[in-house]
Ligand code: HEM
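Okay, so here's just one chain, in C-alpha cells, the form predicted alone.
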C-alpha cells in the first residue's frame, strides 16, 4: 500500500491552471452545477489541476486516479487543517481527527453501527416514521422538510431518545453551516463562528435528554453501547464526549441521509415502470422481514443509483502534509485542495449513460469502491453509511407500500448545491395519505 508516497522529483511540473474562457469561476457557479463542475478540466488536464475560485487559487484532484491515490496515501492528509474553518471544534477533538486518535475514536463508535444493532432498532425506527406520517396525513407538507424530519426522528430512536422538533430545527441550522463551510470556507471565518455557536446550541438541547436516557439505563440501543465504550476508553470526560458525538452524528447525517431518500422518491416518481418492479419485490417480503440487499436487491439497487446520480456532497476539502505527485503533476503540501470524489460517477467509461437513472446497473457483484463515493472514502468514510441506507430502506418500503404521495408540483429532477445537492425547486409541496389497502 502507498503509505509513504514517493517524494516528487525536483522540477516536477506544477499542476496546470484551468482558465475558464471569458471569466473566472465562482462558488455560485459550482452551486448551480455541483455534479459536473470539474468534468471539463479533468478531461483536458488530467487528475490534478488548479482553478481560480472566487479569485483564490485552489488545487483540484479528480477522477478514479485521485480516488485510488487518496485511499492508498493514508498518512498524507491532515483533517484538522482540511476543516480549519471549524478549528475550535477540531481542537477539542469533536469533529474529525488524524492518525491513531481517529482510529481509536472509530473503534469506539463502530459497534453501535453494526447491522445487528441496526436490525434490532428497525421496528422502533419504523414506528417513529409511521407516527410522523399519521401526524401529517392529509395535510400539505414540503417533501424536503418531511424527509428531513423523518430521518431525524428515526435516528433519534436509534440512539434511544425521543428528541423534540426544537432539537431538529437546531440540528438543521448547525448542519447547514458545517456543510456549507466544508464545501467552501476559510479558517476563522464568520461561517465558522456560526457553526460553532449552532453546535453549542445543539449539545445544550441534547444534554438533558442524554442525562435522562443514561439514568434509565439497561436498554439495548446505539447510545447504550456507545456510552459503555466511551466510558471504558477514558480518552476524555465520557459524558462530554458522548454529548458531542451524539450531536455530530445527527449533524452529519440528517440532511445528507434524508436527501438520498428524497431523491429516490423523485426518481421513482419519474420512472413508474421500475417502481412497479420494486413494489412487486417488496410485496413478496413478509411485513416484518429484514430489508437487506440480499432480500430486497431491487430496492437497494435503487438507493445505490440515487446515491450515484445525486450524491449529497460531491466535493471534500483536503490538505496534504507534504508535496505529492499525481498524474505527473506536483501538488504542494499545505495548499488547499478540492477532492471531486464523486466526479467519476458521471464518467461514461465507468457508468454507461451516466446521467440516466438505471438501478439495474447495481444488480450483481460489481466492485464499486473507487467509483461510488457518496459517503466519502478511505479511513474517514462516513461512519453512519449503514445506518443511512438502513433508514432509507425502512422509509421507502413504508411510503411505497402503504402511502400515496400526491405531488403538488412536477419534479424537474434539476438540482443545485446548498447544504447538500438538493432539488432545484424552492418548494416541494406534497400531501401524503394512507392507502386504502395500506398496513
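Numbering follows the first chain given and starts at 1. Quick caveat, the model's predicted, so the values are computed rather than measured.
A second form of this protein, the form predicted in complex with ligand HEM, is not displayed here; the remarks below concern that form.
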* Just one of 160, 359, 192, 312 has a heavy atom within 4.5 angstroms of ligand HEM in the predicted bound form, so which one? -> 312
* The single option of 106, 80, 209, 322 touching ligand HEM in the predicted bound form, heavy atom within 4.5 Å -> 106
* Is residue 44 close to ligand HEM in the predicted bound form, meaning a heavy atom pair under 4.5 Å apart or at it? -> no
* Give a yes/no on whether residue 252 approaches ligand HEM to within 4.5 Å in the predicted bound form, heavy atoms considered. => yes
* Would you please decide whether residue 141 lies within 4.5 angstroms of ligand HEM in the predicted bound form, comparing each non-hydrogen atom pair? => no
* Indicate whether residue 350 is a 4.5 Å heavy atom neighbour of ligand HEM in the predicted bound form. => no
* Honest question, do 181, 197 and 417 all end up within 4.5 Å of ligand HEM in the predicted bound form by heavy atom distance? -> no
* Within 4.5 Å of ligand HEM in the predicted bound form, counting heavy atoms only, one of 46 to 54, 409 to 417, 31 to 39, 377 to 385 shows up; tell me which. => 377 to 385
* **Partner contacts for 250 to 277, taking ligand HEM in the predicted bound form and a 4.5 Å heavy atom cut-off** => 252, 253, 256, 257, 260
